[in-house]
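Two forms, one protein chain; structure tokens for each follow separately as structure 1 and structure 2.
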Structure 1
Amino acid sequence: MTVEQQTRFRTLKDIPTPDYMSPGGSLCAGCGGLLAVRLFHKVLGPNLVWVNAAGCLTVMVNYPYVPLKSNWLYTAFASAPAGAQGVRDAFDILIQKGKIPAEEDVKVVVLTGDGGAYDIGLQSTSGAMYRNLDFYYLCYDNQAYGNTGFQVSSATPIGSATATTPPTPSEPGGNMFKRKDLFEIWRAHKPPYIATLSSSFAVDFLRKVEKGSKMKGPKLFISLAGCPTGWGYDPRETIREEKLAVDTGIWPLKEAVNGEVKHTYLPRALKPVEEYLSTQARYEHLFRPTKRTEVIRMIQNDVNNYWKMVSKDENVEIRLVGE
């Protein structure tokens, strides 16, 4: 029987009802990061320790509005995976000594934003993967430092305006660096499981976390995190924005099992990136006062090139935009 056949999650109706995050937290309305954490928690159940480094979701744990029903350890910014190492090791010792029953299956989950995952904490993650630490990593990727006022991170896409890459007369395109390919950086370490996620494809999301949970060793996830505050769209539209990111091919949904990559959602025809970019204030300067066609085209080309490779590797046909 394949893993797919064993899944508990077939339709949206299978999303588990128990929620381990209570409502009423102090994050922005419509935060995609929070949505990802909720879904993630639903799959793994209540027995887990979050090991968190500074970010928006840190602000969530805000007395008296603490929405969690699980444990939380806050580490220095650069070292959440190292903190997770200590927690996991201690649990293993306690299990060995019979002080906590193995059946309790306490899970250790590193939770950081993209700043923590792509920038300051990358070294620590690399070390944890190298040591084959049995842990989960959930990166909610809102593509900038949201908590401190939306500054550029190495996950910020080309063309995005941030507080530190504002479009100016001499630099009208916003951020001009390409985002790091964290999926591939992680994959180079050959952990058993890596996946990209989006709450807008909830069944895919849940299945991947479930699949990862059946493996021992590092299991790492990057979830797109629609960010109404930083990206500049109506908080109601988070799911629509994230879905557009997937449908335009900007956010591929994929996994790597023991290093082998497979896309879990293959759009037959990509939507033009413009449809996505034009809905967000962080890209407004690409459309107004004058349309910056060269930047938009550059973004579209990157997407096209990516999917060309995918269609070759996975032997599928995908209709690209403008080709």
Structure 2
Amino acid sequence: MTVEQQTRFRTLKDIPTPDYMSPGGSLCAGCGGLLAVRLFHKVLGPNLVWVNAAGCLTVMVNYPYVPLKSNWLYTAFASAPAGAQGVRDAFDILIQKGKIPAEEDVKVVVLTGDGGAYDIGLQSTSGAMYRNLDFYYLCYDNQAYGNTGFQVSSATPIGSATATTPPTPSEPGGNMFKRKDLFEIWRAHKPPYIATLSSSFAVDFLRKVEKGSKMKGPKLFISLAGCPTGWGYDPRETIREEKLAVDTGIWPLKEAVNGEVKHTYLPRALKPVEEYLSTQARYEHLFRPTKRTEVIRMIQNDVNNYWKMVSKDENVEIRLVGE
């Protein structure tokens, strides 16, 4: 059975028209995390509970002004998966005892930024996976601690400037640590479904959420979340920035079903990473006043090496940059 037969999402015309999020709100204009939540909601519908780890999207819900047509639970930075366990257990017990009908059951979704997903909440998340908790885990990855001033996180890419890794005479390239691979950290726990997402590939995004919704157990969705404030670009360009990340190979679109990895978008030819880096203020120090060729080359080599392995593993031909 083909993907087209398995999914109700074939083209952009199939994106559901109902919105479960009101317009306006207190988040930054062009927030990629907000786009991800909106698309996620369109697939799962309104009958869910968001369990929010402290972060950028925490300021989206300011009582009594709630933009969501669903349920919301605040938790501390490190404990969203533990909160999700409580919600899931409570509904299971209430249904089992006949206190509420089964049709009133809800989907439980942890919503967290990369700070909570890669760093502060990783222990709690590992525990929830160990217990095989049936929940969705949506990470809006803006690649820094965006809500508190854009400090470095373990999701921050090499060469990026943040509030705590600015370019300096001793470290002119900015952040020089490589990102953690959250996809592989989750895969080591053997959950049923893991996927990377980008709102710039909306149909791919919707298909993956739909696919995960048919599986029981922990399900991870890592969505690239363009951040105009922290990355330094015009808020109107979020979709362009996210698409450039995919087209340059910096942000691969892939999934793992019961541990088996498959890329859902395979570019025929990668665009140079410079096309992506040069559009954002967080990489400006790589181009001015002196071009940091060695750092740019390092980033390009990492991307090329990744896609060399993909080409071999999935038996496809991808034209790399400079090779």
Partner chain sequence: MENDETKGAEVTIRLGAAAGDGIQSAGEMMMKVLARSGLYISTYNGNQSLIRGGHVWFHIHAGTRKVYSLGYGIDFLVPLTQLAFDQHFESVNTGGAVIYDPSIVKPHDLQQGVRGIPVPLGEIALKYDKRPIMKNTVALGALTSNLGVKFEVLADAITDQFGRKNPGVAESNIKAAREGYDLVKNLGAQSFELKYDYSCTKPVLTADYAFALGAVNAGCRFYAAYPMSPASPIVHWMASHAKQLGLTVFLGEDEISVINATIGASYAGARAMCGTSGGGFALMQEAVGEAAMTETPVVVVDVMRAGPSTGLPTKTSQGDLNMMLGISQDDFPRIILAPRDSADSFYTAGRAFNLAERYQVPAIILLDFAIGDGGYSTVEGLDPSFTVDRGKVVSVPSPGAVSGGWFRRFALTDDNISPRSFPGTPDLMFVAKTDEHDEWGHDLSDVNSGLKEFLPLRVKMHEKRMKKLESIKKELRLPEIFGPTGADITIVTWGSSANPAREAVQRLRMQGVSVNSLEFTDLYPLNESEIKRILQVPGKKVALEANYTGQFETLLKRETGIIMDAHIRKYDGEPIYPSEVEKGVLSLRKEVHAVV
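Numbering for residues begins at 1 and runs along the sequence of structure 1. Computed from a predicted model, the values in this text were never measured in an experiment. So that the term is clear: the rigid core is the largest set of C-alpha atoms that superpose within 1.5 Å between two forms.
- Taken from the form predicted on its own is structure 2; the remaining one is not.
- Relative to the superposed rigid core, the position of the CA of Pro289 differs between the two structures by less than 2 Å.
- The two forms line up on their rigid core, and Pro64 then has its Cα shifted by 4.9 Å between the two structures.
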